[in-house]
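As a starting point, one isolated chain is supplied in structure tokens, in the form predicted on its own.
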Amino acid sequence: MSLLKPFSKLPGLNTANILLVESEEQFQQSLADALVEETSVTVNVRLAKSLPLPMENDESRPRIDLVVFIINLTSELSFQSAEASLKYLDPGYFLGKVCFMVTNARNASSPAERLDAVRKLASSLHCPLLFAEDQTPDGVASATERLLTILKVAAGLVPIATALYVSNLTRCTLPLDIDLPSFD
């Protein structure tokens, strides 16, 4: 069990590598299938339920350009797994190479406190927070498009743009009244 480091390996030519981390694997596979269909660059998708990654494949594992934590708001386990996995990432990843993707935000059974906790987590780490609809093909396509944009920058495939710059533009920020009780 070691830290996953962003710059420990050389990048591939015209290649982007993404790691999708989701404890329940509901949305992960459909998103991975859509990402692989990208034609302008070669996208390699790695799937994991949680971090740390196993040590036996460490030598053959490519450099991971972007780590995406997929959090299902209807599941407390999903949030806890993502939160526990963060300690296995090198701090260099938090310079524009990590983002959070939330599913089921519109679901009435998802507690508002969990969404606030995810927003606080993303804000404290200065990471982008994306919302995705995982039930429809259009929702998966939209999430794929947003992830590909961030992935291309994180992999260094977009001239004059860096992952840190894009991360600063898209990071999650909290309103000053997030800790005040709501009057709903």
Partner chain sequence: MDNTAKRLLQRLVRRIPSQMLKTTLDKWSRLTAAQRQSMDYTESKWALTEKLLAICEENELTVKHIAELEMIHVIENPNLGMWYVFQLMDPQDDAHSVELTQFKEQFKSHLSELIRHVSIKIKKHTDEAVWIRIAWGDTFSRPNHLKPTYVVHYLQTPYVFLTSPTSKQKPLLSQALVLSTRYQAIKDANLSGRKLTAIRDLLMKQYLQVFPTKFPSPLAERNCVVSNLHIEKEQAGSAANRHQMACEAFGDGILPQLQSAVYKLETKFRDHTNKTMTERDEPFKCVVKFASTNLLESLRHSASSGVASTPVTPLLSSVPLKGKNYFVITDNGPGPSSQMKPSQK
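These figures come from a predicted structure and were not determined experimentally. Positions refer to the first chain, counted from 1.
Heads up, the form predicted together with the partner chain isn't pictured, but that's what we're talking about next.
The partner chain is not shown here, but in the predicted complex it comes within 4.5 Å of a heavy atom of residue 54. Under a 4.5 angstroms non-hydrogen atom cutoff, the partner chain in the predicted complex has residue 48 among its neighbouring residues. The partner chain in the predicted complex is approached by residue 33, whose closest heavy atom lies within 4.5 angstroms of it. Not displayed here, the partner chain is kept clear of residue 140 by more than 4.5 Å at the level of heavy atoms in the predicted complex. Contact with the partner chain in the predicted complex, defined as a heavy atom within 4.5 Å, holds for exactly one of 132, 43, 118, 155, namely 43.
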